[in-house]
Structure formats: C-alpha cells, structure tokens
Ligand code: OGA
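Quick heads-up: it's one chain on its own, the form predicted on its own, in structure tokens.
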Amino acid sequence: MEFEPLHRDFGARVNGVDLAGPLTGEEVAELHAAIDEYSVLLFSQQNMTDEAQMELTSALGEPEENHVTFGRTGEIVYIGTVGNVIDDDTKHDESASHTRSMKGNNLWHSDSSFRRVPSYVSILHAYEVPDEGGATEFVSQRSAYDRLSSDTQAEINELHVLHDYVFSRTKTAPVHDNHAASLPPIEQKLVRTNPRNGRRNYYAGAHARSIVGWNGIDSRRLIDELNDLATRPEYRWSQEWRPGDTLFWDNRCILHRGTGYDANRYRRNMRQTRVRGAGLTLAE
C-alpha cells in the first residue's frame, strides 16, 4: 500500500488495495497500523457492495450493531444508510422526520461514544452524492491534545466524562422513546491512549455532556473549550465525496460532522458499518 498525507495533522489517501476483495492477513495488519498512525484513511474507486463491506468490517474486528434500529425495534442490523435514499426512485425530502433526525450528524461527534463499548472504526462508502453540499469534515482530538499546555493536560488526564446520545441529538430532533431508553448516559475516560503508539487524545464531542464530579457550569465550560480547540477551521479536513470513495476513521480520536445538503434537490446514498472497540474506556 502507498500512503499520501491528506492534512498536516492526520489522514492519508491509500493506494494499492482492493477493499472489496478478500484481504490477506498482512493487508489487515497493515490497515490496523495505518489506522493507528493516520486516523483517517481514504480509498478511491472502490467497487463496493454491502456483502463486501460486511466482509471488510468483519476482517477488521467485530461488527457493531446499528443502535438506532436496535433501540427502536430490537432488531440487530450491522449496515445502514447515511443519506436520504429510500430506493431507486424515491427519497426523503427536507420535511421528512428522517431528514430532521439525520441533521444530528452535522454536530461534531465520535460515533457511539455513548455506548459502554464505543466504536473503534467507522467505514463509510459512497454510492450517490449531491452535486452541492454533503461533504464530511474531520478533526483530530489527538493533535488537539498535543496543543494543550502541560498544566491543562495534567488537569484533564484523570477526568471522566458522561456521554449522552439524548443530550446531543435532541438539539436537532426528538429521539424515539424506545431508542432513548436504550441509551442511558455512559461514563468514559476523558483522555485515551492509543495502545500501539502511546499517543494520547481527549475524547469529547457533542455527546460529551458533563464531567463526573463537576458542576454543570464548570463541566460545560471545559467540554466546550476542548471542542472549540479541536474544531477550529484551520485544523479541519473535508472529504468531498465521489461515488466509489470508501473512508475509514478512528472513533477513538477523531471527531467528524456532516455539512448538510438540500434533500429536496439531491439524493445521497452512503452505506456505513462500524467495528466495535476493544472494551470499556475505563479499563484502558
């Protein structure tokens, strides 16, 4: 594989691998190492299918079930659509409840940080993309941690934070009662360490609600400051999607968000899977 940097802080375009075909053990090991090193990996012109994406996901680890479907109905599915496409002929428009719910993806977040065992990697493949809008932005909480003073690092290193899906997503749309009941607030480490290279990052984003043991005002002040530091425009990298693009990102240290598009005019059909993390952050 060949790696071409995407941003000075993180990310690489990867050439020389077919993700839709069977991967060798050596290729899987190289992908894991690249995730630890670059945090975001872009693969262009991938001839993906749902079946191939599930095989790829399983090769990287244990697939994580979709929390929306499971929370609402109890059904376990591992792949879902990010976008507004229903089938070849129809789509959700701007007035649809589905579209309003999807706008929660426009908040800076880490996938599944609100689950007891949060996600390791998300895998997103583009089939149809809007002519305007619909980009996805990324920032590194690892690089943001490195920009903190040593005193601030020492202050936050041992803190724990509550991540709460309902807290974040009700900013944009109501959360189904069953879904909300399935996702109580979860305590996570505020600072995580990559087990391969020892690099640290803080673990915040829109789902981070409050610091354990702190009052609400001080909690929000710290979390907002950390999120603002990580997401300044100069630290962002934007993925302008093309059909055939596949993207990996490391949810342990990366925040991402959608940038929105006109669902009345355009179709957006992306398919996403996630790889479950290794365990509880509190045990890291």
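Note that the coordinates shown come from a computational prediction; the quantities given were computed from them, not determined experimentally. Start at 1 with the first residue shown and count on from there.
The following text describes the form predicted together with the named molecule, which does not appear among the structures shown.
- Figure note: of the listed segments 186-194, 170-178, 128-136, 155-163, the one touching the named molecule in the predicted complex, with heavy atoms no more than 4.5 Å away, is 128-136.
- Taking a 4.5 Å heavy atom cutoff to the named molecule in the predicted complex, the contact residue among 82, 148, 211, 79 is 82.
- With the partner omitted here, the residue from 124, 121, 206, 144 that has a non-hydrogen atom within 4.5 angstroms of the named molecule in the predicted complex is 124.
- Using a 4.5 Å cutoff between non-hydrogen atoms, residue 101 does not count as a contact of the named molecule in the predicted complex.
- Using a 4.5 angstroms threshold between heavy atoms, residue 252 stays clear of the named molecule in the predicted complex.
- Proximity of residue 220 to the named molecule in the predicted complex: non-hydrogen atoms within 4.5 Å are absent; the residue sits far from the partner.
- The named molecule is not shown here, and in the predicted complex it never comes within 4.5 Å of any heavy atom of residue 63.
- Shown here without the named molecule, the chain has 256, 257, 258, 268, 272 in 250-272 lying with a heavy atom within 4.5 Å of that partner in the predicted complex.
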